[in-house]
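Let's start with one chain on its own, the form predicted on its own, as C-alpha cells.
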Amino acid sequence: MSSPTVVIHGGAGSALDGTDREQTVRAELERILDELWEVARQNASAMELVERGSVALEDCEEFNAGHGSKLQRDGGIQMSAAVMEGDRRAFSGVINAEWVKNPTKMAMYLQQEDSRVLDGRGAELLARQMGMELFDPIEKRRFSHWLDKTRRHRLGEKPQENADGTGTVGIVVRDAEGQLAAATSTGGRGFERVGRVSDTPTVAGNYATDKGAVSATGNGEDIIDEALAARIVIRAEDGQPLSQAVEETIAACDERDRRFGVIAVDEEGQMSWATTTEVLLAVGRSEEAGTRWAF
C-alpha cells in the first residue's frame, strides 16, 4: 500500500478578473480537493476518484464544464467528457452531450461497453438508457457573456474573450494501490461554431497508462495539433521522467505559440504541471508534497 496523489485543474488562460474572483475559485478548488483527499485516504480506487472529482467540478458554476459550461454561437450548450484508466489503457467519452448535468458519469458508464466513445446522438440515447434527468446547464454569468459576444458579432466586432480565467476541468490520480487514471470535462471554447469537437474527448486532451496520467486544458485545436496528453505520457513510457516530459513538451509548444496547460501524475505519485498561458488554475496533494498550487 502506498500514499495517494490527487491533482485537479479548473482551466488555463487569462488572469482572473479580480481579487474576489480569485478567492472564490481558490476556495472552490480547495474544497473539492479536500473532499477528494478524504476519500483517497480511505483507499478509493483511481477511477472512483477521477469520477467524483470531475463530477464535483462539473457541479460548480465557477468552471467551464457541466453546470458552468459556456454557450456556443447558437446559444446552446454541448458538453464533452472523457475518462481513462491507466492500467487497462481504457479510454471512454462522450462528445457534445446536451441537457445533462454530468457528462463524466456517461463517460464512466462507457468504460465497460464495447462502444466507448459516443457522439451527440449516441450520448442522448445513453442518457435515456441511464435514466438521467433532463438538466439545463445554462448559468447566469455565462449567458451574460454570450449576450455580449452576440451583440459584438452582429455589430461586426470581434467577440472579446471574458477574462474569467476558468475553463475545461480535469483530474489526475494515483491511488493507494498505485493505479493511475485521468478525467477531463468541458463545455467547449465558448461562442464556437456549432458542432465543433474539442480536444477533451480525445487522447490529446486526456490520457493515462501505468506510467503517467495527464489532463489538458486550454485551446483545444492547439492541444489536438500537438497530440498533447498522449505525447507526454508516451515520452514517459520511453524512459523519460514524466515531470521532465511535461516541462520539455510544454516549453517546445510555447515556442510554437500554443495556448494550453496540463496537470500530470506519474507511477511514483509525483505531481507536475506546466502552462504556456498566463495562469493555470490547479492544485494537488500528496502525503510527501502536501498541498501545492499552480497559481
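One-based numbering along the sequence shown. Everything numeric in this text was worked out from a predicted model, so none of it was measured.
Note that the form predicted together with a small molecule isn't included here; everything after this is about it.
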Within 4.5 Å of the small molecule in the predicted complex - does that hold for a heavy atom of every one of 64, 188 and 217? yes
The small molecule: the contacting residue among 181, 223, 110, 97 in the predicted complex [heavy atom, 4.5 Å]: 223
With the small molecule left out of view, which of 196, 153, 89, 141 would have a heavy atom within 4.5 Å of it in the predicted complex? 196
Does the 4.5 Å heavy atom contact test between residue 212 and the small molecule in the predicted complex come out positive? no
Is residue 168 one of the residues lying within 4.5 Å of the small molecule in the predicted complex, judged by heavy atom distances? yes
Choose one stretch from 196 to 204, 101 to 109, 143 to 151, 118 to 126: the one whose residues place a heavy atom within 4.5 angstroms of the small molecule in the predicted complex. 196 to 204
